[in-house]
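In structure tokens, the next block holds one chain alone, the form predicted on its own.
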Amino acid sequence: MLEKKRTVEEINEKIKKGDVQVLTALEMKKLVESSGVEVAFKEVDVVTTGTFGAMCSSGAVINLGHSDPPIKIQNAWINDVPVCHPGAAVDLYIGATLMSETRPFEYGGGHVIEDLISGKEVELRATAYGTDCYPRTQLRTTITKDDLNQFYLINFRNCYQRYVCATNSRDETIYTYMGKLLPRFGNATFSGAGELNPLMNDPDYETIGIGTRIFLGGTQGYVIGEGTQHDPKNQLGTIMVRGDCKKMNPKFIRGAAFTKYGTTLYVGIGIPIPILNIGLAKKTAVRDEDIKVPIVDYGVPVRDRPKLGVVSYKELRSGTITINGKKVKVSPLSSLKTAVEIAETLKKWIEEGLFYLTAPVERLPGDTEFKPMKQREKAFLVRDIVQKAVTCREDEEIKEVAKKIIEYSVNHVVVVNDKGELTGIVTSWDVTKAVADGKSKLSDIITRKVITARLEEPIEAAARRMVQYQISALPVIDHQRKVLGIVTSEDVTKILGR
């Protein structure tokens, strides 16, 4: 029996007549569970999706028009945020992550884009070297979006199909694009809209590609291709999008700053999935419990960070997950509430005949390989210089530890328990001072709060930590805090000082 199908043209005809059947992705899942896929395919023409989260690879192209006398801009700033000059004389690209030179970590390119969309006036400064046809070398003015010829959002990587769960094994808080991560797995964060996420509802990109009309920032936009770092083999697809900022709503385009990390842009995207066949009806029934992501240790600053397990979006949304047997609070970086609003708004647009579907002229690729950067020089890791640590137990006497310092000619002795797990550290200075003070119990001089390193992290990261905490050695531990060795400032200097 031939598979039942419908076309985009047939759906658009229904939109025109006002009898199209549209459900949000959340409504579609309930229908499939209550009535089955066959009924859902028969009754539903379009499923709307949505997501609203930080999408750093975003920005806007603007054209200023020509000044008199003309200027060929070499460097430019808007509200003290440096903006790129990738084109000819007066075309600029406002990158979302570029930060203000006077208010770094507070205000950046994402905020400039939001301010312009909101109708606010911004200050433009520019300099140039001057030519015969572009003699002007200085420019200072104010602009609004109404002064611009073109103001288009062109985001080269948006809308990840799914994302990882981030946590931190280090002994100190770290600040990342996944937010503030507390020490020793003190919390975890995640991103994405899970079962509402556009690319999770069409995971094989049957209906998404170049020319697909979408909800973008509160108006209609388009997919213009695969996003950078598109990785379909690992269900990490991305899209490149374009939309007219002059028509956008700042409610769905928001500048943001991540503490001690930098600035970004929150982008709202919704994609309509035409239910062309029964397979698409089944795919749009995907649930949060079916979408699994790795728990990744951002405490190890390398490209392939250690993975500590796998968790579903359903578990992530519960507010608590388990890492190494420990209950850990987890929170989203994306807004599910706004994602739902986007899916509902897109549904309303289609039902009211304000939004027609487009079939892609070219589907997103399904076989792209995401390659790492080609590097000519080896980046040394802690594992390349780690040494065997001299250890002791907490119940040893100070004079015994002093003997070890002399025998092994070291300045640091790592304190471990019966399982070989880190419990503290003592230095030759600690021991010398203890002897001078007449102390005999090692427990009185142990430093309990120990800054550590991991085998997988770059030497440069370990070196920065030593400078930050003004210490000269880091015990190297694994995720169970077992001591694997020690790295000292002398070892680091030998490598970095080459």
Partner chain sequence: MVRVLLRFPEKIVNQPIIAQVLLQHRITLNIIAAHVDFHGGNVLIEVPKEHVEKAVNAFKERGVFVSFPKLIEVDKDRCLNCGACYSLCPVGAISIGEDYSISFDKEKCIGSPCGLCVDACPARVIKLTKELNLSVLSDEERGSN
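This structure is a prediction, so every number in the text was calculated from the model and none was measured. Numbering follows the first chain given and starts at 1.
One more form of this protein, predicted in complex with its partner chain, exists but is not displayed; see below.
Its partner chain: the contacting residue among 184, 140, 329, 247 in the model of the complex [heavy atom, 4.5 Å]: Of the candidates 184, 140, 329, 247, 329 is the one lying within 4.5 Å of its partner chain in the model of the complex.
Contact residue in the model of the complex, chosen from 281, 71, 389, 188 - any heavy atom within 4.5 Å of its partner chain: Of 281, 71, 389, 188, the residue with a heavy atom within 4.5 Å of its partner chain in the model of the complex is 188.
Whether residue 258 contacts its partner chain in the model of the complex should be assessed with a 4.5 Å heavy atom distance threshold; does it? Yes - in the model of the complex, heavy atoms of residue 258 and its partner chain come within 4.5 Å of each other.
Its partner chain contact at residue 371 in the model of the complex, heavy atom, 4.5 Å: No, residue 371 is distant from the partner.
I'd like to check something about residue 337: if you look in the model of the complex, is any of its heavy atoms closer than or equal to 4.5 Å to a heavy atom of its partner chain? Flag for residue 337 set to yes.
So in the model of the complex, does residue 380 come within 4.5 Å of its partner chain, heavy atom to heavy atom? So residue 380 does not count as contacting its partner chain.
Go through 292-300, 259-267, 352-360, 418-426 and give me the stretch that gets within 4.5 Å of its partner chain in the model of the complex, heavy atoms only. Result for this chain: 259-267.
If you apply a 4.5 angstroms heavy atom cut-off, which residues in 76-115 are near its partner chain in the model of the complex? Those in contact are 105, 106, 114.
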